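Take a look at this one chain, the form predicted on its own, written out in structure tokens.
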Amino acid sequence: MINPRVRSLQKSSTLKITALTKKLKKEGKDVVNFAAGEPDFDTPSFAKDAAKKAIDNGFTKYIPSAGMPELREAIAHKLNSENKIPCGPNNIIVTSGAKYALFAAIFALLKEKDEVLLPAPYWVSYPEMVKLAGATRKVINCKKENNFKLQKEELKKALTKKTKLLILNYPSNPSGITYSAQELKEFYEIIKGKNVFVLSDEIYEKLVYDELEHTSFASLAGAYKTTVTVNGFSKSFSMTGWRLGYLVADEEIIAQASKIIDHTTSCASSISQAAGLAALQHGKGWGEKIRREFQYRRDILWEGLNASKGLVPIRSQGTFYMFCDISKTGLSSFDFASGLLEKQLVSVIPGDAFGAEGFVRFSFATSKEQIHKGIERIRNFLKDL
């Protein structure tokens, strides 16, 4: 009765934990939320004002499925000037969230039994999307001693004649680790000429710390035609609920991916796109402000976890996540997360959802006061073990 591919999908544990956290808070419980997958800042006023104006002006009808022309032009300008990606508006599709851009890219590129290289730990939805497409995932288990960064030797070993796609997410959800330009060049040298595409998920590009620089894979010499870049407005402009993302690729890929949009969502929300255009036009200073705040919070959480007996955190280089080794506690990731929520009302995401048992993901998308409170409760939890 039910499509077996759909039946085989796993529910998103990150969304399940987040939903339970919100339920407990609604019941009046004093939950410290380290599970959040979205910025705690409100959407900036210049984006909200543009959306209100769009509604008042009747900009509430269908628009081209690839996106509002003015927005695609603004995205192309941003990508050329900031990311050094050589693209134009015809290389861009605006989508209902970056997650849907990933979905459209995966379905446009993959056929049954194509092999997808997936470095672990990975974001929870990648393997499920690959499964839906009927392709085969090959997980590369990256080592803790390398801060969970894919190594060029690991990539070489994993490649086969069936390999069609390498998925890169940097800065990484959940590890918070990113790649240098040199590391990305080494990856490209390994795969170029082998008919292997790269799906580069760069949704956290604006949240990079310690004066590190973000390099887009598609900006590497020769890499553009075989790279699909995915980005959006959720993290950099705190617009998660607006559902606004985009994919960037060679025109042939765009032509095929656009068919998926035509026959599924038709187009991303016109109102959200008006807000997104305003965000690109007015948001440079705002983005730097939240980047500094997140780095400040990162440091507080790092110091607190690092000084807690039994925990070994990996210092984040980007995103608003910190991955933490909890194996010394003797608990599984799920038992640690569920016990911490039940006994101390602190919410975290178990690492098995990301392909990394023995770890949990902390989000520092919350206030410094909440971070301090959460650390105190975690220490109480550890004392009682």
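Just so you know, these numbers come straight off a predicted model, no measurement behind them. A residue's number is simply how far along the shown sequence it sits, counting from 1.
The same protein also exists as the form predicted together with a small molecule; that form is not shown, yet it is the one meant from here on.
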Exactly one of Asn91, Thr226, Asn169, Ser272 comes within 4.5 Å of the small molecule in the predicted complex through a heavy atom, and that residue is Asn169
Could you spot which one of Thr215, Thr178, Ser200, Ser234 gets a heavy atom to within 4.5 Å of the small molecule in the predicted complex? Ser234
Heavy atoms, 4.5 Å, the small molecule in the predicted complex: which of 252 to 260, 303 to 311, 156 to 164, 93 to 101 makes the cut? Say which one. 93 to 101
Looking in the predicted complex, is the small molecule within 4.5 Å of a heavy atom from each of Trp123, Asn173 and Tyr204? yes
Whether Arg243 contacts the small molecule in the predicted complex should be assessed with a 4.5 Å heavy atom distance threshold; does it? yes
